[in-house]
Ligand code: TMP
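Here's a solo chain for you in structure tokens, the form predicted on its own.
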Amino acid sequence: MNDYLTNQKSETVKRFVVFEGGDGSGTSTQIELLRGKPHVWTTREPTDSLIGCLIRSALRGEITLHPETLTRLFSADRNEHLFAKGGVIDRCNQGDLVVSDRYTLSSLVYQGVLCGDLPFKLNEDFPLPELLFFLDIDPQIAMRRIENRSDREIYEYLEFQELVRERYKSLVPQWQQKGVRVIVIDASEPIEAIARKVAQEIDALRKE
């Protein structure tokens, strides 16, 4: 697997927090629990932009895109998410704590399975977050959660999620070596227990 540290820039965006994990790990649930807190702006990737909506259509299997096309769309969506007016960088500079459901690691993990080094090349210039929550979960437990969903996405099957977990476990330490504060959480724990751990870290960051 590509060494993400080789070319990745070490610039860190202060007050930028990212949740990562396989499907069914509960990243979206934890983001939702933070919504509405003072000076906390919650967001997600893919975004709700036109590019993001196109990506979501592909993830739901409504349209078929070549894996490399999808990888490039993720990168374009991320660039707007970060640098457009009112985006992540603007919000952080204004003093908000920005919390995102997924960021570059998702591309390196998910698109990396199918596209090799391309996601690394497309994402090496993006800055790093200050804090990363990695919600780690056994794929078999995650799949039992996913089975209850009415809408399934193209990556939501056991064999792929096993690869996803392996790649996360390989790549997360590289962010840690770059200076990102990494909190690894057992995502099989009750939602409330995870939320308390998250809230403790978020509150500490808000006070800095």
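Keep in mind the model is a prediction, meaning the values are calculated, not measured. One rule holds for the numbers: they count along the sequence shown, beginning at 1.
Not pictured, yet referred to below: the form predicted together with the ligand.
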item	value
Touches the ligand in the predicted bound form: His39 (any heavy atom, 4.5 Å)	no
Contact test in the predicted bound form: His66 vs the ligand, heavy atoms, 4.5 Å	no
The ligand contact in the predicted bound form: Glu45, any heavy atom under 4.5 Å	yes
Touches the ligand in the predicted bound form: Glu62 (any heavy atom, 4.5 Å)	no
In the predicted bound form, segment of 150 to 158, 31 to 39, 135 to 143, 177 to 185 with a heavy atom within 4.5 Å of the ligand	150 to 158
Stretch 67 to 89: residues contacting the ligand in the predicted bound form, 4.5 Å heavy atom cut-off	Phe74, Arg78
